[in-house]
Structures are given as C-alpha cells and as structure tokens.
Ligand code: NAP
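Take a look at this single chain, the form predicted alone, given in structure tokens.
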Amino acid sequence: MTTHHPLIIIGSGPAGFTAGIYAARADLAPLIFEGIQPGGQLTITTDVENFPGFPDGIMGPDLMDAMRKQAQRFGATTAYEMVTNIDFSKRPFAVTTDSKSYTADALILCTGASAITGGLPNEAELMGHGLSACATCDAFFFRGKEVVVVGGGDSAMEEAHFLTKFATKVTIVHRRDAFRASKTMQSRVLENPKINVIWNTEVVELIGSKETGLTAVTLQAKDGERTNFPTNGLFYAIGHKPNTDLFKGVLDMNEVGYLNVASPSSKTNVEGVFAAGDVCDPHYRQAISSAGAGCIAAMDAEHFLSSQVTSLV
C-alpha cells in the first residue's frame, strides 16, 4: 500500500526540522524521514553554544529533540525510516523506504553531509569528547589547550589558523611532505608561531574515553615508528562527503557531490524538488545556516504547491 503526502522531507537535523516547522504551519502536513542519523550531526555534539536563543548553551541531542517536538506540535509526522529509492521522473514523486512506499507532490532534501574521518575504532565514542570535525563549532571548548589538526588542504589550514585564537598550540599532522593547500593559506599557517607541523605521519590510534576525553594520539611515521603524542583534542579536516548518492544522475551537483540550487532559492533542477542544509552547502555547514535554509525550502515548497493548486482551478 502506498501512502500519499503533499510534502515529504528527507533528512532531519536543523534543516529538516526547520523545514518541517514552517511546512506544518503552512498546513502542508509534511512527513519527515529522519534517516540513518535521526537529528543529524548535532546528535553527536555535546555542547552547542552558538545557536541563538540559548545563552547558556544546549546539548546537541536536546536541541534536535526540541526541534522535532516543535515540528510535531504543528502537525509534522516523523518516521525513523531510511529512504532507499526516489523516482524523480514523474509527479507525484515515488519514495521507497526500507519498509514502505510513499508518494509526494513535492520533496525537500535535507540529507546533509558526513565528515570524512580516519576510520579509527573509537571515533564514535570520542566524537564530541575531544574529537571534532568542525573548528568553528568546537574551538571554544579548547581554549588554553593543545590540539591536533589532521589534513593538508585549505580546510586544514583554515581550521588550524582559526584554532590558534583559542588553543595554546596547534599541531598539524600530515601524511605527505607538502601541503595541497594554496600558497597563501600555507604561508599563513607556516608563519604562525602557535602552529607546528609533523610531516610524513599519520594518526593511527586515539587514546582516551568518553569519561576522560581524548588524552593522546598515536602517530606513525613513514618508517613505521610509532609515538604517543599527548593532546587535548583532534580535529579532522580532510573533507566532507555530501549524502547525495540517491540523487546521482538526476539532480545537478558539483564535482564533489553537493547539490546545486538556484540561489537564493532552494530549487534544484527538478521542478518540485528543493534542497537545504549541508547537502547543498560546502562552505558554511553551521546549524543556524542550515536552519535558515530549511525555512527557505519550506517557503519555496509551499509556493510551489500553491501554484499547482491554482493552475488546476
């Protein structure tokens, strides 16, 4: 049996839930699929101190739970289902999950992007407890401490430079003998007295626990020699992967896979399909910017659906 909804939102997090709030208040009764990580990346973030309205900060999972309840209060339905296929070729769009089939007159895609990490065993346990993939989000918590940045591109240079505003020392660990970053970014980092670089080396182990936080990392040089390097924090800056595999070959995206939208709108190249949040934002990746984008997508979807009704009259 197939269930029909005027609007389906795929993905949660600040973008998905904000889209849900605005769409529900517009009487669109949206269905939100929360996906593999209900609440998005903020559910693995401990303290969120830069989201407006919370002067004392708020735990990431608590913020997402509050957004979920707010969307539900206005009439949004949330489902813990994983979307496995979408037929964009005709309207209503056909959406298949791991358990059911649905159709929708419009879609908002908020599937986000996942930080690329080192794939080490206890990363999930230490994420938010000394381990991070966003200096802008978490640097404040490392004021007066020593941290490590992994990476060699422009993102790594930007993260390291930003962290020097808070940390007493920043060590960049890079597996090669030269950075890939632009010359300007390299110069800014290499000339900073608070930044040290360890070349031809990889982080192969994280030492610590959720209770103690990260206390050290194990470094392995090219010759195989291993050493323990004490640190209070490690920031991965080796890129993000947008969660857009479902949309390949249909929706326009850049060379990395981020969806292209007709800015300042949230429209994709398929009429009736909108996108918001990290799935189409390779630059800012902040909870507040994602929430704003979710608002825009819901308003675009509401205008689209209203125009469809008007055209049928």
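Quick caveat, the model's predicted, so the values are computed rather than measured. All residue numbers refer to positions in the sequence shown, first residue = 1.
Below, we refer to the form predicted in complex with this ligand, which is not included among the displayed structures.
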Checklist outcome for this item: Assert contact residue (this ligand, in the predicted bound form, non-hydrogen atom within 4.5 Å, options 94, 185, 127, 79) equals 185
Checklist outcome for this item: If we test each of 154, 146, 123, 105 for a heavy atom within 4.5 Å of this ligand in the predicted bound form, the one that passes is 154
Item to check | Interface membership of residue 150, this ligand in the predicted bound form, 4.5 Å heavy atom rule | outcome: yes
Item to check | residue 286, heavy atom within 4.5 angstroms of this ligand in the predicted bound form | outcome: yes
Checklist entry - Can you check whether residue 180 is within 4.5 Å of this ligand in the predicted bound form, heavy atom basis? => result yes
Checklist entry - Within a 4.5 Å heavy atom cut-off, is residue 238 in contact with this ligand in the predicted bound form? => result yes
Checklist entry - Taking 50, 158 and 175 together, does each of them reach this ligand in the predicted bound form with some heavy atom inside 4.5 Å? => result yes
Checklist entry - Exactly one stretch in 65 to 73, 247 to 255, 261 to 269, 278 to 286 has heavy atoms within 4.5 Å of this ligand in the predicted bound form; which is it? => result 278 to 286
Next on the checklist: Please check whether, in the predicted bound form, the CA atoms of residue 186 and residue 256 lie closer or farther apart than here, given a change of 3 Å or more.
Outcome noted: farther
Item to check | Distance trend in the predicted bound form - C-alpha atoms of residue 181 and residue 288, change of 3 Å or more | outcome: closer
